[in-house]
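Coming up is one lone chain in structure tokens, specifically the form predicted alone.
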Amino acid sequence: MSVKIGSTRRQRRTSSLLVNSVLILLVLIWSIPTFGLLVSSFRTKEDIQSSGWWKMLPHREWVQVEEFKTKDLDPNSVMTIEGVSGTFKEFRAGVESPDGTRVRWVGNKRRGRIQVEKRQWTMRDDFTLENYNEVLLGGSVNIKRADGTVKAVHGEDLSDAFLNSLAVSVPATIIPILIAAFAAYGFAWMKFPGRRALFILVIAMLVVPLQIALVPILRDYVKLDLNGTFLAVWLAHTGFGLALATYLLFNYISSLPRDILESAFIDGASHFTIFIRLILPLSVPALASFAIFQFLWVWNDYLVALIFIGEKKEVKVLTMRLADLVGSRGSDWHLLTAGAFVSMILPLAVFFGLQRYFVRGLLAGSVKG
């Protein structure tokens, strides 16, 4: 008996170790690129083009300790420099000496210089806030060219797009939550003809791709002169999110104790009073769980915003401006990483602010009794 218990414990420990190892691996897979994005957003354009973001960590690399000109050397023959011999091609690649230094020819045969390098521990810590100044405030940045001249480059002001995304995401999250909460309460606790059929119809909308509805909705918006406005996007996201919201909230609301509601009915409370004073406070986990889903979906949405907002710059959301930035400044990784991290700040804040309700909301109604 004791052998069997010991074997069961070992199996549990092995399973737990395996699950934890997989979870740690997944966390690293997701976290390392995010950390690299954050580091790159604070690096200069020249550093990003010349080295990877991991160079900010302590590492060993060749560091120049001495430099002199090549006027007394013949690059067409075998040369001896700092005690090592080699051809021009070999010195261009770098020739290591027995004492651990490396001699390298920089430049061409006519105009070059000799660099003596030594491998040392170093790290790249020259960070800057100019990327965020250029992205968020549209400030101009002075770029020093190779010939020594300085060029002023005007930034991309994404502050308006950030506020537009906020103006779209908050109502497009609150409106479907309120409507779905009323609908879920009605399906769970109110009896009316066709309740079951109507609920099945609402849930069936989950399998309908939203792309099917885009063109018909766009035609209606054009007729109603709603296209290119925030209201158009609010209504679209409300319609697309209602089915999932109703399903999640129904599972949770239907699992609430019946005794509480029956006591309220006996005391003469109406359905509206019960919903406002009992159902909403008790349903905070489910509401917060869907709020995370809906907010992240709307904030990161590009397709719906592109179709219903169009090319009006004054109402463009952040995802549209970032897409424009990729097209116009695709080689400026210092701006793209800063813009990408700006777009991540608010969703991360929403998730971590509501994450304690997340699992409780997802498991809503899954366990009875």
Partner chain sequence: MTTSPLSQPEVDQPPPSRSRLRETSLGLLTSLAILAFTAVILYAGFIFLRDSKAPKLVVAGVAIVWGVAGVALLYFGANHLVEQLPDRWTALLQPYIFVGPAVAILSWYLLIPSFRTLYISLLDRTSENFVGLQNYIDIFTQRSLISTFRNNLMWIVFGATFAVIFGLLIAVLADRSKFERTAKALIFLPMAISFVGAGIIWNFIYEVKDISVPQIGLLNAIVVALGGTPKAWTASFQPWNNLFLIVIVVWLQTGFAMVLFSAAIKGIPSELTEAARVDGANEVQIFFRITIPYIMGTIITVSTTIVIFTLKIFDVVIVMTGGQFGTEVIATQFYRQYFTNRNFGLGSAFAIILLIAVIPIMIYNLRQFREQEGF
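For clarity, a rigid core is taken as the largest C-alpha set superposing within 1.5 Å between two forms. Just so it is clear, the model here is predicted, and its values are computed rather than measured. Positions refer to the first chain, counted from 1.
Not pictured, yet referred to below: the form predicted in complex with its partner chain.
- Residue contact check for Phe42: none of its heavy atoms lie within 4.5 Å of its partner chain in the predicted complex.
- For the chain shown alone, Phe250 is a contact residue for its partner chain in the predicted complex, at least one non-hydrogen atom being within 4.5 angstroms.
- Thr14 falls outside the set of residues with a heavy atom inside 4.5 Å of its partner chain in the predicted complex.
- Although the partner is absent here, Val326 is a contact residue: one of its heavy atoms lies within 4.5 angstroms of its partner chain in the predicted complex.
- Proximity to its partner chain in the predicted complex, taken as a non-hydrogen atom within 4.5 angstroms, holds for one residue of Leu282, Leu214, Val106, Ala93, which is Leu214.
- With the partner removed from view, the residue among Val116, Ala288, Leu261, Leu73 that has a non-hydrogen atom within 4.5 Å of its partner chain in the predicted complex turns out to be Leu261.
- Checking 97 to 105, 84 to 92, 241 to 249, 127 to 135 against its partner chain in the predicted complex, the stretch whose residues place heavy atoms within 4.5 Å of it is 241 to 249.
- Contacts of stretch 195 to 222 with its partner chain in the predicted complex, defined by any heavy atom lying within 4.5 Å, are made by Arg195, Arg196, Leu198, Phe199, Ile200, Leu201, Val202, Ile203, Ala204, Met205, Leu206, Val207, Val208, Pro209, Leu210, Gln211, Ile212, Ala213, Leu214, Val215, Pro216, Ile217, Leu218, Arg219, Asp220, Tyr221, listed in sequence order.
- Fitting the two forms on the rigid core leaves the C-alpha of Ile345 displaced by under 2 angstroms between the shown form and the other one.
- Core-aligned CA deviation for Gly310 between the shown form and the other one: less than 2 Å.
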